[in-house]
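Listed next as C-alpha cells is one chain, alone, in the form predicted on its own.
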Amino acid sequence: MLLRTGLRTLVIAVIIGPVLLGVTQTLTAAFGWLPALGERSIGVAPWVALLDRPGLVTSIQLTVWTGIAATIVGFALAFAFVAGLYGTPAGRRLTPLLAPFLATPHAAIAIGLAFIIAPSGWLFRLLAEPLQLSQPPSFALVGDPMGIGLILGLLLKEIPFLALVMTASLGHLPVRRWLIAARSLGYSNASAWLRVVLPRLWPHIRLPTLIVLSYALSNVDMALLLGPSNPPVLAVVVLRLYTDPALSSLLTAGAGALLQAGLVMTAFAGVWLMERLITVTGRIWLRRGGRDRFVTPLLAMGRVGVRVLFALGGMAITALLVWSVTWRWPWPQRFPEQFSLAAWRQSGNDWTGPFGHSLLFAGITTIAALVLAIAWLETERRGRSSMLAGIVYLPLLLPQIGFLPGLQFGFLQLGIDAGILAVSWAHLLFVFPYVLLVLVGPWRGFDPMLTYQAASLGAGPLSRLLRVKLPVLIGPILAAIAIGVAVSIAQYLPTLIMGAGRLSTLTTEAVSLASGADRRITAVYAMLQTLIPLLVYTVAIITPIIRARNRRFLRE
C-alpha cells in the first residue's frame, strides 16, 4: 500500500507538479508579479498593454476559426472514414497506412504541405500545363489570411490520430451486433452508425477529441509555417511577446498566455454544452424513427474527402524526399531537372548537432515515460476508477504556450537552468500521457490468470512483471515507444522555451529554416525529422510479427 501510494505520488509530482508551477507563474505574471525581473506591482497593466496591441481581435478570431473548423471537420471525416471501412478488407489494408502520417512530425507535414500548395509548389506545377500558367499564380494558400492552409495542415495530422483512436475504441464495443439489429429495423448502414454507434463511441473518444481541440487552438509550429503572419493566430502573438527583447513584454506575454488558456477552456465548455444539447435533441430525433436518407451520401462524401487529404499528405511527404535530392527544378516543370545529394552533404556538418539532440531527448523521455507509465498502471487498482486517473492528461489539455514560459521562470528559481534536464523534463510532460494512452487499454485487458499461475510457481512481483507480463504485452509496449519517440521529436515549443534557444533539435531548425532558407536544406532537416520516428514505427510493427512467427508452436 505504501509503495503504491509512493509511486503514484511520484508520477503526479513529476508530471503535474511542473504544469502547476508553470500555470502559477504565468498567472502571477499576467497580473504584474514577476520577482525574477523585479516586477512586484500587482495590477492589470499587462492586460491593458495586451488589449492595446493592433490586430489582437483578428488574432483571436483566426484562432477560434482555424481551431474549431479543423477539429469539427477532422472529427467528421475521421468518423466517415472509420464508419465506411470498419471490418472491410479495404479498411484492414488502409489502417496500417495511417502509421506514416502519425509518425511524421507536425512541422515536417507542414513544410511538405507548403512545398505542395505554395504558388510555385508541386500542385501548381502539375496544373500549369492544363491551366496554361506561364508563371506561378498570385494567390497563396500558405499564410493566407483565412487560415485555409493551416486548417489543411491540421487535418492531415488530426484525421489519422482520430481514426486510429476510433478504431481502437470500437474494438471494445459490440458494433456488429448493433449494426445487425439496426439493419433489421430498416436503417441503412450509415444511419445505424450515426444513430447507434456514435452515441456509444463518444465517451471513449471524448478525451482524444479534447486533446485535438486544444492543440488546434494553440499550436505554434504549424501556425508559423502555414498560418497567416500579420496578424497571426494568438499563440504566435504570445510567442513573439515572449521572445521580445523588451523584458516588460514578458508580463504582456503572461496575459496573452492566460487569454489563450481561457480560449481553450471556453471551447471545452462549448463541447460540454453541445454534448448536453445533442443528448436532449438526439433523443427526440431517435424517437421520430426517420431513415435519414441524406446520411449515406454525406458519409460517402466524407470518405472521398479523407482519400483526397491522404493523397495530399502522401504528396507532402514525397515532396520532402524529392526536394532533399533536387539540384535544379525550374518552373513550370513537373519534376526536377537534375538530382543531387549536395543538400545532404552541404548541411551534413550542421544537422549532426540537432540530430544528436533529437535522439538524446527522444531516448531519455521515452524511457522515462515508459517506466512511469508502467509504474502508474501496475499500481492501479483493478476495476476501480480513480479521480486521479484523468489528471495525468492535463499537459495535453492545456495550451503549451499557457504554462511553458511560466515553467521556465519556475525552473530558474529552483536552480534548473535551460539545458538538457529542463528540455527533457518538458518533453516528458507531453510524451508520458501519450505513452499511457497507448498502454492503458492492453494493460487493463491483460489476463490476470497468467500472473496468478506464475505466483503459484513461486515467482515474485518483479519476476511476474519482467518474465510474464512485459513479454506478453511487448506489442503495445513497442507501439508506446514509437509514439513516445514521435511525440518527443515533434516538440517545438518545449525545446525552444526550456532550452532558451541554446539547444536546437531537428524540429526547431526545420521551422527556423522554413521561413526563408533554401528549400533543399529545409527538406533535408524535415526528412531527418520524419525518418527517426518512421524507423521506430517500422520496428514496432515488424517485431511482434516476427516474434509471433517464432512462437507458432505455443498455439498448436
Partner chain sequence: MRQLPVVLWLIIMLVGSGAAMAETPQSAEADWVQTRADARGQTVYWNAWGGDSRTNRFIEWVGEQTEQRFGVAIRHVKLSDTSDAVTRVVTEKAAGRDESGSVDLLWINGPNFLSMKEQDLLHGPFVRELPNSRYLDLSPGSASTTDFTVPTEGFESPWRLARFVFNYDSARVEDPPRSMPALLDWARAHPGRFTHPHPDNFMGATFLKQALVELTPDPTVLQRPVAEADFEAATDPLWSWYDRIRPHLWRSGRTFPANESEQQQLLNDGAVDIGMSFDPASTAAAIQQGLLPESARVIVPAGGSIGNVSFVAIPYNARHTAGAKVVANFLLSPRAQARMQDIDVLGAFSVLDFDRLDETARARFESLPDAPALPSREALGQTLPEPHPSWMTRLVEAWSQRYTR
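Numbering follows the first chain given and starts at 1. The model shown is predicted, which means the values in this text are computed figures rather than measured ones.
The following text describes the form predicted in complex with the partner chain, which does not appear among the structures shown.
Residue contact check for R240: one or more of its heavy atoms lie within 4.5 Å of the partner chain in the model of the complex. A residue is said to contact a partner when one of its heavy atoms sits within 4.5 Å of a partner heavy atom; P100 fails this definition for the partner chain in the model of the complex, lying far away.
Mapping the unseen interface onto this chain, P199 falls outside it, with no heavy atom inside 4.5 Å of the partner chain in the model of the complex.
Interface residue remark: T95 is not counted as part of the site for the partner chain in the model of the complex, having no heavy atom within 4.5 Å.
Here the chain stands alone, but in the model of the complex its contact with the partner chain, taken as any heavy atom within 4.5 Å, falls in 139 to 147 among 261 to 269, 445 to 453, 76 to 84, 139 to 147. The single contact residue among W178, W331, W344, F339, judged by any heavy atom lying within 4.5 Å of the partner chain in the model of the complex, is W331. For the residues N230, S184, T352, T88, the 4.5 Å heavy atom test against the partner chain in the model of the complex is passed only by N230. Residues of 42 to 67 lying near the partner chain in the model of the complex, listed in sequence order, are D52, P54, G55, T58, the criterion being any heavy atom within 4.5 Å.
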